[in-house]
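Alright, here's a single protein chain in two forms, structure 1 and structure 2, each given by itself as structure tokens.
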Structure 1
């Protein structure tokens, strides 16, 4: 690896330095897998000493946990960013959220590779397991809130249990199609996975999420 391929470790404060180390960790995991993402390799990637890494993270496990939380949180935030639209009703907002999760930049081979590397170790690593659980619940809560908005606007009362079950099912729909898109995106037509995801959720909720676009 040349000096030019290293991430420049910017001296812009504690939080920026910590973020640089997380990004360097993600780069190493993407290139070498979890076993190859050693403290030494991460330090070299970031252009710092291993000792400086220990200033920000007690150990490698804490750094990996932070890196996994970053990748999961980033995917959720990218999808939520699509909701920043004026004048959109609840159904349109849910459809937009689904489409955002089933297209670039969320559907991405590098992101999938990172996610798969971490998730394969989560069952045996308590720290990664916690990060995975928190990321899953945060995403599911977002889905549940969107579904609640839709059903309330339709005048359809939904209890907490029903909303929870809808959110679990919709999360599973997104996950399955997202994996397909990351592994073999070239075999699908542009927007096809998003259309399938929206249609499946429409069947689950028994309403047309895209009807507002036609009015």
Structure 2
């Protein structure tokens, strides 16, 4: 009778393990969808046993939320970086913002899979629903502010409702192109989505975002 020898293991720092578990969760969701992200599958991918998850997170729900927060963080990080370009003029910042949201690492099947999984349960889970609405409105507000700056610098003041509609439309363009890129990225040339997005916004606002800016 073979006495089952207990598995060897190493102790990792708390921060490291948490990050590993989150990354393993993202991998599982990306490969097998949200229902495929079971505690056992996540643990196996992280190289630990299932029970350990509950040593770092109150429950599976919290781990998923942490993973979702991680993804959202990475996405907004790119967008924020584009917005923070204080040196450039408004038009160039808008173009950079669009390009940042329509290329890697924002356009990615893993990101999309997690997004779809959470969004699908959004209106079943009220907490998730409001979190998402807030994220959406925040994003749209940023777009609206950016558009306002651009038009103002152009000497073309726009009314509140017009500004709102522009923000809604641009947000839709970003979302739509993002989804197309995530679902079928292989049928687009690299940078093509960003080009299309910028060109469409240019047509919408009736100006050239790539032209050299005049101080």
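Just so you know, these numbers come straight off a predicted model, no measurement behind them. So that the term is clear: the rigid core is the largest set of C-alpha atoms that superpose within 1.5 Å between two forms. Numbering follows the first chain given and starts at 1.
- Of the two forms shown, structure 1 is the one predicted on its own, while structure 2 is not.
- Shown are candidates 120, 76, 160, 152; the hinge separating the rigid parts that shift between structures 1 and 2 corresponds to 76.
- Think of the chain as two rigid blocks: between structures 1 and 2, the small block swings through 22° with respect to the big one.
- CA movement of residue 27 between structures 1 and 2 equals 5.8 Å, with the two forms superposed on the rigid core.
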